[in-house]
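A single chain comes next, written as structure tokens; it is the form predicted alone.
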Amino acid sequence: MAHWKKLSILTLILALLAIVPLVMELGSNVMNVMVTLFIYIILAQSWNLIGGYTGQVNLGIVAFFGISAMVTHFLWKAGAPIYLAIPTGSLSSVVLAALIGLPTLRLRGMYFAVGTLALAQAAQTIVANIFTRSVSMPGSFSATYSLMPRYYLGLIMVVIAITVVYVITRTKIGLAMVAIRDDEQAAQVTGVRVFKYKVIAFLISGILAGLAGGLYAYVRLSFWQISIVFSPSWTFDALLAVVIGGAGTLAGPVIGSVFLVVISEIFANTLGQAHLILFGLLFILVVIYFPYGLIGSVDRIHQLITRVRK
């Protein structure tokens, strides 16, 4: 499928998502699922930029998500408006990304993956020891709670995340990222400043993960344990969404997140605990029969059909 067709379809879907809540009542359950989906899309786009386009398997992206959720929560609780609390939380993610990225990005392959995972686990342990009790917003926030503004803020953030990835991957920076992913040594020999572009990808990825964390803090007024925002499941869910949808593609994280959130929700409501087994089996089938992700496999099938016709 042509690139402009994919972009048009994606734009149409986003426009429909903006209109639907205005013309029909979705209900709190559907709205909750949709907002959760938005969080996963943003986080998956974040992982896709560093993992799918740059080829660096970052298993510590939850650290950016978690620090932003924490900063956003406490700033908002202190009286800062949410439209300032979330960007500040995302800025804290950039600072953390710089601190983590400078030493770890000099590692390669599985050493980089293990290094980022270890740092994320260390962050979770530290937070769990500092905040031993649940934290929550005052009752006045709960009294005025509404899912509608969170829905539209989440949708706006999804548009921002997709736009950032789209623009970045079509610049000199994006070409350098893809060159590093395809062959790091060859890229370095041809003059690409590998470490520089790795750091840039890492920082932008941190910003996007921070937006997802800020949105999560806006949606969840309380944390039973604040260390939950540093759970490795956030990283691996984002990775799964990218793998399912198609790494290194713009629409892949969106399709993968829909698969991960919506299909999982349907299975959970109809099959109970057994949905974990069925969902795991479905994921294995997707990985086996669609090794390039759903989007990548569709592209290859389309190319095959075109060759046969010619």
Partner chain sequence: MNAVIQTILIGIVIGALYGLVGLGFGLIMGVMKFVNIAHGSFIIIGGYIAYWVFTLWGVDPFLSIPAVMFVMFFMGLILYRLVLSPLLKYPRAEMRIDKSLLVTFGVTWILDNVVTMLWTSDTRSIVTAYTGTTFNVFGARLGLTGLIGLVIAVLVAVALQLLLTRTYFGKHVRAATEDSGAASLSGVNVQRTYLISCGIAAAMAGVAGVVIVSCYSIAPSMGLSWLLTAMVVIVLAGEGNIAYMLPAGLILGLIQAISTLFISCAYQQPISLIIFILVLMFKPNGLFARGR
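Residue numbers count along the first chain shown, from 1. Values in this document were obtained by computation on a predicted structure and should not be read as measured data.
As for the form predicted together with its partner chain, it is not shown, yet the points below apply to it.
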is_contact(Pro232, its partner chain) in the model of the complex, heavy atom dist at most 4.5 Å: yes
4.5 Å heavy atom contact, Leu59 to its partner chain in the model of the complex: yes
4.5 Å heavy atom contact, Thr125 to its partner chain in the model of the complex: yes
Contact test in the model of the complex: Trp47 vs its partner chain, heavy atoms, 4.5 Å: yes
All of Gly79, Pro81 and Val199 within 4.5 Å of its partner chain in the model of the complex, heavy atom check: no
Partner-contacting position among Ile156, Leu203, Ile168, Ala113 - heavy atom within 4.5 Å of its partner chain in the model of the complex: Ala113
Single option in Ile162, Leu239, Val219, Leu75 placed near its partner chain in the model of the complex, where near means a heavy atom within 4.5 Å: Leu239
Which of 177-185, 137-145, 81-89, 207-215 lines the interface with its partner chain in the model of the complex (heavy atom within 4.5 Å): 177-185
Stretch 81-114: residues contacting its partner chain in the model of the complex, 4.5 Å heavy atom cut-off: Ile100, Pro103, Thr104, Leu107, Arg108, Met110, Tyr111, Ala113, Val114
